[in-house]
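Below, in structure tokens: the form predicted alone, a single chain.
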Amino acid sequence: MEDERSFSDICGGRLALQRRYYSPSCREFCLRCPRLSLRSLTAVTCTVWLAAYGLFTLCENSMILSAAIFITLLGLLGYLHFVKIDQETLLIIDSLGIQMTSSYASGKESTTFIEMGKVKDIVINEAIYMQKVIYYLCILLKDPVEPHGIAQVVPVFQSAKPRLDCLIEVYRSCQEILAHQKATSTSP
């Protein structure tokens, strides 16, 4: 089963949450951010090139124009390859683990896998960000030394920064899978 709902991020931007239910023990959540705006890209490029043309008219050095074009292109490629994330995916399978994937605008993907045996819980936490309180979903990892301790907190959907209503949807579904996993692991 698959459905898609629209939410907003902490700044009011649009996000699309696509939920896929493969089985009671396997679900996938895909959070898509808006694509790079052609208007903002054009505005930044024109601003840099106009400033370079202004310097060119003062200095009469053509290297300034060449450098502006080169820096703009390198900056755009760096932004698309290392910064702009188009999609973040959370795949949770109760017998196997949790996989988090970030897909960049350039097509590059970054994947992290956490074994289910290392997962203590999935919670919604709060933080202060730019003079406001925001909420984020995080995975608590068990401490191998102390059984009741937490070794690490792994945030989910770091780039998209969805609002609480979106996080609650994902949280409830993840808790259902964790409860299913605990029930199947304790039954003989």
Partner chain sequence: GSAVLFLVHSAPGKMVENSLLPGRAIYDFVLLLSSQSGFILYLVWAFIPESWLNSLGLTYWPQKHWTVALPLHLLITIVIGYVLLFRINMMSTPSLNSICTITDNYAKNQQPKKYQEVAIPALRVISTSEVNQMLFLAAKDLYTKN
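Positions refer to the first chain, counted from 1. Here, rigid core means the biggest group of C-alpha atoms that superpose within 1.5 Å across both forms. Everything numeric here is computed off the predicted structure, so don't read it as measured data.
As for the form predicted in complex with its partner chain, it is not shown, yet the points below apply to it.
So which of Leu65, Leu58, Ile150, Val44 gets a non-hydrogen atom within 4.5 Å of its partner chain in the predicted complex?
Comparing distances to its partner chain in the predicted complex, the residue within 4.5 Å is Ile150.
Looking at the partner-bound form in the predicted complex, is Cys26 within 4.5 Å of its partner chain by any heavy atom?
Heavy-atom contact with its partner chain at 4.5 Å: absent for Cys26.
Consider Ile128 of the chain shown here, and say whether it contacts its partner chain in the predicted complex, taking contact as heavy atoms within 4.5 Å.
Although its partner chain is absent here, Ile128 would touch it in the predicted complex, with heavy atoms inside 4.5 Å.
If you check in the predicted complex, is Ala51 within 4.5 Å of its partner chain, heavy atoms only?
Outside the cut-off, so no.
Hey, in the predicted complex, does Pro144 get a heavy atom within 4.5 angstroms of its partner chain?
Heavy-atom contact with its partner chain at 4.5 Å: absent for Pro144.
Heavy atom of each of Leu73, Phe82 and Ala105 within 4.5 Å of its partner chain in the predicted complex:
The answer is no; none of Leu73, Phe82 and Ala105 reaches its partner chain.
After fitting the rigid core, is the C-alpha of His148 off by 2 Å or more between this form and the one not shown?
No, because once the rigid core is superposed, the C-alpha of His148 moves less than 2 Å between this form and the one not shown.
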